[in-house]
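Read the single chain below, which is given as structure tokens and is the form predicted on its own.
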Amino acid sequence: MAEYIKRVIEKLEILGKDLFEQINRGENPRMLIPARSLKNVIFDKKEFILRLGDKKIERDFFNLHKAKKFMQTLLVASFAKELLKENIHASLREAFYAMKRTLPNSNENTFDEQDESDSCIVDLEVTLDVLREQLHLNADTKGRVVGDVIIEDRGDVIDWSKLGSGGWAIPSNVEAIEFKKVEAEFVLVVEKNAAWERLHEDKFWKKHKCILLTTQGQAPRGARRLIQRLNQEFNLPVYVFTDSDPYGFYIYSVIKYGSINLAHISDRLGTKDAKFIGLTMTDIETYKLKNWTIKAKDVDIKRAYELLNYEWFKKKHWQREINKFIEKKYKAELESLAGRGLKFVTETYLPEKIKNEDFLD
């Protein structure tokens, strides 16, 4: 049995024993769960990462408003322990159906919607201070990667450089992946799948000795954890390449600092060394992309104003870029670089940005 499995089972058993002892003392059994509300999320300026504060919520059994949630949380804990003991994994959807049933002599279900079980899984994750994936509960696969890397995954040896046009599909759970060979000088994280395919077809990763990874939009947990592992275990710089708009900027910030919703595990998902390689609003002018910009919508402008108020976007260069977006009222997608020629991104834009270290931090 893997060492991390033993540690997680031990944490689950400690939780169970604590509740059992409360019952034996004639007390109302209760759990204290760190609050995941926005008011309890803080930006650690010293570590440059989002964290949860000290506020906790009480979940007890003898409370009509909390009893069902209490029961649901323990059901998830029991289900996770069985997964770990058998060393098997379940998707979030499978977990919902595996735990869903009608209580005897009632019309009450353990779970009615998957949102309920998903919420309890995160509550258990934050209470035990473990990753959901370490509970063997996985989300859908999202993200692809290519590079001169060989890994071992569940006994299979996989060469990322020999998987054709599709690359390697990044699983939700990358905890057990063992790196056998990593030959790269940096990791290039690409927001858009289409832009990743252009770079892959042009063999950018081979010419520039990098690992090329796409998050296919907002970065999923598996991709964020993989990026962090490559950065921390192999000291690889990470450059993030997104659209020039508030949503692209925020995708970068989530990879770097963590997210508000998952602030409790930012230390295991965030890569604080990550740098933004573009597109910037300044790039639109520098590389003459104005003809291929798109008019910003009201919702885009509103989101830009929200970003201005986030502590992690208070740096002068980010304030400048976001204010420029608000002023210009246009945005540019990664694919807009194709307006200068299909190979412009691989032969001019990215090589120049990397060579000149033209990054935002």
Partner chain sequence: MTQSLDISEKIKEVSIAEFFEKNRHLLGYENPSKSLFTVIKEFVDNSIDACIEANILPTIEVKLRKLDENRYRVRVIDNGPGINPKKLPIALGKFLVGSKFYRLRQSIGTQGIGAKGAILYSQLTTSKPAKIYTATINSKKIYYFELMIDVIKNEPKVIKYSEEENKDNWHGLDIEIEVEGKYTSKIEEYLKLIWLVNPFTKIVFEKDGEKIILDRVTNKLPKQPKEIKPHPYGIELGIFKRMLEITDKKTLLDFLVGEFSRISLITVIRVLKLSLRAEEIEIKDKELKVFDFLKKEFKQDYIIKKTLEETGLDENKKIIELNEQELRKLFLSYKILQYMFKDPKEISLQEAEKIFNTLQKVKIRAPPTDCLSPIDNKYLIDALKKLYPAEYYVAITRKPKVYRGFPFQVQVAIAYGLKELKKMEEEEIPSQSIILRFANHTPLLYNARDCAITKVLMSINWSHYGIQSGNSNLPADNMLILVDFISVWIPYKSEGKQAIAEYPEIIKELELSVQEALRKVYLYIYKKRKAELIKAKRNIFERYLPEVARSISILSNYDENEIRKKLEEIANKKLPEIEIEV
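Computed from a prediction, not measured in an experiment: that's the story for all the values here. The term rigid core refers to the maximal set of C-alpha atoms that superpose within 1.5 Å between the two forms. Numbering follows the first chain given and starts at 1.
Missing here is the form predicted together with its partner chain; even so, the following discussion is about that form.
Asks: Of these, A169, V157, M71, L92, which has a heavy atom no more than 4.5 Å from its partner chain in the predicted bound form?
Replies: None of the others qualify; the residue that does is M71.
Asks: Tell me, which of S106, N87, N235, S165 has a heavy atom within 4.5 angstroms of its partner chain in the predicted bound form?
Replies: None of the other options qualify; the answer is S106.
Asks: Want to guess which of 33 to 41, 61 to 69, 295 to 303, 309 to 317 is within 4.5 Å of its partner chain in the predicted bound form, heavy atoms only?
Replies: Stretch 61 to 69 is the one.
Asks: Spell out, yes or no, whether the shortest heavy atom distance between G341 and its partner chain in the predicted bound form is within 4.5 Å.
Replies: Because no heavy atom of G341 falls inside 4.5 Å of its partner chain in the predicted bound form, the answer is no.
Asks: Residue-level contact is defined here as any heavy atom of the residue lying within 4.5 Å of its partner chain in the predicted bound form; does L350 satisfy this criterion?
Replies: Contact with its partner chain, no.
Asks: Although its partner chain is absent from this view, report whether I211 comes within 4.5 Å of it in the predicted bound form, heavy atoms only.
Replies: Taking the distances in the predicted bound form, the answer for I211 is no, it never comes within 4.5 Å of its partner chain.
Asks: Contact with its partner chain in the predicted bound form for E82, defined as at least one heavy atom pair within 4.5 Å: yes or no?
Replies: Yes.
Asks: Does every residue of I284, T286 and F359 put a non-hydrogen atom within 4.5 angstroms of its partner chain in the predicted bound form?
Replies: So, no: the whole triplet misses its partner chain.
Asks: In the predicted bound form, which residues of 139 to 169 put a heavy atom within 4.5 Å of its partner chain?
Replies: Residues within 4.5 Å: none.
Asks: Rigid core aligned, does the Cα position of K353 differ by 2 Å or more between this form and the one not shown?
Replies: No, its C-alpha moves less than 2 Å.
Asks: Could you check whether the CA atom of F79 moves 2 Å or more between this form and the one not shown, using the rigid core for the fit?
Replies: Yes, shifts by 2 Å or more.
Asks: Checking I9 here: with the core superposed, does its CA move 2 Å or more between this form and the one not shown?
Replies: It does, since the I9 C-alpha is displaced 2 Å or more between this form and the one not shown after the core fit.
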